[in-house]
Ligand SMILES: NC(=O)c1ccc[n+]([C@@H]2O[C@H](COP(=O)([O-])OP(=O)(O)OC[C@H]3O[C@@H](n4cnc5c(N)ncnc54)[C@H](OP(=O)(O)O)[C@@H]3O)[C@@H](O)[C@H]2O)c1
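A lone chain, given as structure tokens: the form predicted on its own.
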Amino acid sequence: MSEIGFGAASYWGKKAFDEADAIRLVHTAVDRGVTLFDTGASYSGGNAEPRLGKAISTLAHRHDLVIATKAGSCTDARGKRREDFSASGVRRTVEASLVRLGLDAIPLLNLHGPEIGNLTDDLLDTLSRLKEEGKVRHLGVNSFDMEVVEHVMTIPLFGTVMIDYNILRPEREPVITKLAARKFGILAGMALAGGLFGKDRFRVRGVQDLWYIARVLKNHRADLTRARHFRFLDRESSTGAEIALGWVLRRPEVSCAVLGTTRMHHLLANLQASGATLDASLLEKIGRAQSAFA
């Protein structure tokens, strides 16, 4: 898979965001070498999956892309997110996702934020059967709970884990080492840390900015405190986003850093981080900033 993945979620999947613009972003990402697209049945009020399906429907090689979607959470008829980790519920979600995405098989299915108690023998048996039936190729877990991640490492059925790994989360380093030792594929979710370290983090240029700001204030207030230690990134020759992605990708164990965007210039700038390296002095500055809260 590509070092940088496209997050087909959040405001990108919202009906309020122009669908032609959303599809154009996907096609540009594909043209620039992106092969992993991360989405979920519950994302964007249930609109993200069908939108991604429409975006890739015209691509001759869409079955070669690594489309990663999620089960365990879904959207009800009113667009509300619901959790359902029952074996039957996960099977229903997978079969509906295949239709929405227009795929013969889901390349990567992640369980979306399960608790350890959700990983029952019945569920694991169903996941195994879905693989045997050819409906799912690979299985993983998307979790920001390290106790869950530690437990997942003991289950041979899973081969990948998606965690919140970014410049504001240096405490994830030990678990990355453990996952790599067990040959897990590692996806870095929230790879840009919401861009909270940037000087333009609260700049409003469109409706999507208001949406993202509201989400930060609701869910990521603690990260704002950490992010203030990284204001120096805006003074570097490279963009703060490029540096932040470079920091994540400096770990060869990380298979892919996933980011989302609704702006073409952001997408093109962020893709430049693939293959980039950070010099020792910059890494030292980042380490000092992280030591203030680690």
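Heads up: residue numbers just count along the shown sequence, starting at 1. All of these numbers come straight from a predicted model, not from anything done at the bench.
There is another form of the same protein, the form predicted together with the named molecule; it is not shown, and what comes next is about it.
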Against the named molecule in the model of the complex, would residue 189 count as a contact residue? Criterion: heavy atoms within 4.5 Å. yes
I'd like to know if residue 53 sits close to the named molecule in the model of the complex, meaning any non-hydrogen atom pair within 4.5 angstroms. no
Quick check on residue 170: any heavy atom within 4.5 Å of the named molecule in the model of the complex? no
Indicate whether residue 194 is a 4.5 Å heavy atom neighbour of the named molecule in the model of the complex. yes
Let me know the one among 229, 266, 32, 62 whose heavy atoms come within 4.5 Å of the named molecule in the model of the complex, would you? 266
Which one, 41, 243, 67, 258, lies within 4.5 Å of the named molecule in the model of the complex by heavy atoms? 258
Work out which of the listed stretches, 128-136, 172-180, 84-92, 142-150, brings a heavy atom within 4.5 angstroms of the named molecule in the model of the complex. 142-150
Within 148-164, which residues have a heavy atom closer than or equal to 4.5 Å from the named molecule in the model of the complex? 162
